[in-house]
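Shown below, as structure tokens, is a lone chain in the form predicted on its own; questions about how it binds or moves come after it.
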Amino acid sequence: MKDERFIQREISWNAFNARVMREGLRDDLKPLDHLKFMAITSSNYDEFFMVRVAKLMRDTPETEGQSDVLADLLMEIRKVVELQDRTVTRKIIPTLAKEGLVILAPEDWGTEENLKADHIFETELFPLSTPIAVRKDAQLTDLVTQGRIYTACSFDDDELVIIRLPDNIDRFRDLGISGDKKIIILLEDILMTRSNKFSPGRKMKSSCFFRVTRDADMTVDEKRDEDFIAAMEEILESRKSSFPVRLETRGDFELAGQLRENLGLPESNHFHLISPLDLKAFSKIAIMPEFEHLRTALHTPEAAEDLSENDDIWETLKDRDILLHHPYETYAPVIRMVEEAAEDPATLAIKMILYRTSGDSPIAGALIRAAERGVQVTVLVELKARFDEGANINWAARLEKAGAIVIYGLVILKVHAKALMIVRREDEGIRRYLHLGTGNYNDSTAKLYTDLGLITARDNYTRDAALMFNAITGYSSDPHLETLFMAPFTLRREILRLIHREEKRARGGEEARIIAKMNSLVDLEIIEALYEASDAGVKIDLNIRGICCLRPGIDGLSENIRVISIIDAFLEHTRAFIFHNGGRVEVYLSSADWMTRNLNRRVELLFPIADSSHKRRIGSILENYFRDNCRSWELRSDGEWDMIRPAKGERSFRIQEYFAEKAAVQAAGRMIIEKKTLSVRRKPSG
């Protein structure tokens, strides 16, 4: 039975994606920024249908029809998609055309465009494309590949032919400058307008584009005695032909309906569009050169507040911890740690967890060089990182070939913790250095995601990290950590203890407060604990980017809880938690959101911040998020989100802009100090 104290998870996620899409509607954005957010919205829906919608469809027997949750969800998704569809077609594409970047529809092609389209068709599309006749009794689902764009053509003899758009040639065809405008035509439009050439002598009645999304939420039987990599590769292959969960079409509506019926999908899973299919691919247009004036320039990460390029990282860590705030501060210190360790004769071992990393990762490259040089490199490569499985399989093979010890994750548990440890032989003996973070070891996303990271040489931290690595590689049970908290063993229990402690203080008449920032809040036990704390009088401020199943602001339940969400240029990814503790404030960072999967079915870490200046800094970071009145949304008790705007006479405050400017000022000030230090000359002796 539906519990009205909680917001349904999938509905909440869709509300998040609606906020992402609505960010692309803001009048103060540049045209290509609008397009970027539409591409992100489209990409998010692809994954959501492949995983969450697919699961809901699987969990509902065909004889029972759609569940109420699925029906409500698809109805809410349609509202977002229809607004996105109209915005792209009627606002974004026309605005770009006025600014000189023209995505030209076939009906607007002139002689020159048609001649170039003919040439592309004859030299590329015709040789590469394969028309497939669909027999009356054929199942379309057996003939089409997940996520690819197809043209469907119906002929006067009622035969249906489908043609897949080649994905190994450029979809966006730059026809060059015409006057003061750059003209782009889409490859699928060339294919559609010339598809009759595949069947000469026959009359085509109608045509449309279509794209099928399939179930990707499949799991391998991890307990089978088999090659795990081979099993994961089978999963990747099976995704291409799993059952359909969504049909997107553009063109003749009647033909589109026939395709839907052939696929066996209900109308609610069919989205007939006027904008191009697969908008996520339009992110390529959003970063086109020559049109920098049509998009907001990306922030360039500044030097770290706690570490300059001239500082010896190992000597610095003997004196103090280093706190990093990405993407405002550069990710270079993390890369530098691994690269220096890879080349340094003092390095004995490197241990780390790779969950998601970039395609040309300098960190993975350094690990390979270290292993080749004889350093004992141990890497847990999580092969179950959804949609990164293929890349991780590739990195695992390269690391293994170089001589590294590679662990392919754990049975049942997904390893999501972010940890890197370097062991060095120094004059004083063997010493360990540790990086823990809230984000992945990915130098690309470190420029786009907000995250916090801690580098430390504290013995209690490095000892616990060593025990954690030993537990993972040795497949042992609870490693009994003393400083760090590890899921699925102690992390949930510690979070609940910290919440209940604030509740107890509030019931005793003391000031009590919790500030938490995360991606998602789903776990019902945690939410119940927050409700109890709120009822006791604990002031709770939650900054949650995505899913939030908690209902704030309900008298007698959650009147002391406030929930905001920031949607801006950078994806908010930090997991940070502050507990007032009677004035003896405790601050934690974590790899884990407050979701059941993170707390019960993943290896995650929660780690305290020991340095008092770092505690104050993180406290300031989290407090400032609640000042944002430009890119902030507030959750109402009914599950709806209100956009926060500056009150009359109130100054605008945009948190990501504030952090970027603050980092730039600090970096400039530090540079001046360093130049002055370097310019000092000694007084001549004598």
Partner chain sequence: MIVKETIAVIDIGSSAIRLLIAQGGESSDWDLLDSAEQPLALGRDVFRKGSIDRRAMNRAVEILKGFQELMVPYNIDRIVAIGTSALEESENREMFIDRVMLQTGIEIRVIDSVEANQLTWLAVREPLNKALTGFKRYNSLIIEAGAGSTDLMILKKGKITGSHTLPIGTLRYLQKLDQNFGGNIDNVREFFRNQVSRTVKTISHELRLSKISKFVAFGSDARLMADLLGHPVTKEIAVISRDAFRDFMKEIESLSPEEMITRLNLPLNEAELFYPAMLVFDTFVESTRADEILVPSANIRQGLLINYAAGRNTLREIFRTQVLAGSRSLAKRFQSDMKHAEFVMKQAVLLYDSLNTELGLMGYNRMFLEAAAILHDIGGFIGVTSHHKHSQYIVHNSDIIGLSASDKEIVGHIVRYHRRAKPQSSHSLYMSLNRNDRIVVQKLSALLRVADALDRSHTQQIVISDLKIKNDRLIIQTSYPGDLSLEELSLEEKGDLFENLFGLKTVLRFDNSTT
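Keep in mind that what you see is a predicted model, and the values were worked out from it rather than measured. Numbering follows the first chain given and starts at 1.
Same protein, other form: the form predicted in complex with the partner chain, not shown, and the subject of what follows.
Engineer: Against the partner chain in the model of the complex, would Asp427 count as a contact residue? Criterion: heavy atoms within 4.5 Å.
Structural biologist: Yes.
Engineer: Residue-level contact is defined here as any heavy atom of the residue lying within 4.5 Å of the partner chain in the model of the complex; does Gly264 satisfy this criterion?
Structural biologist: Taking the distances in the model of the complex, the answer for Gly264 is no, it never comes within 4.5 Å of the partner chain.
Engineer: Would you please decide whether Ser477 lies within 4.5 angstroms of the partner chain in the model of the complex, comparing each non-hydrogen atom pair?
Structural biologist: Flag for Ser477 set to yes.
Engineer: Even though the partner chain is not shown here, does Asn600 get within 4.5 Å of it in the model of the complex, heavy atoms only?
Structural biologist: Judged by the heavy-atom cut-off of 4.5 Å, Asn600 is well away from the partner chain in the model of the complex.
Engineer: Just one of 108-116, 146-154, 462-470, 131-139 has heavy atoms within 4.5 Å of the partner chain in the model of the complex; which?
Structural biologist: That would be stretch 462-470.
Engineer: Arg432, Lys182, Lys414, Lys615: which sits within 4.5 Å of the partner chain in the model of the complex by any heavy atom?
Structural biologist: Contact check passes for Arg432.
Engineer: Heavy atom within 4.5 Å of the partner chain in the model of the complex: which of Ile527, Ile163, Ala349, Ile103?
Structural biologist: Partner contact (heavy atom, 4.5 Å) among the options: Ala349.
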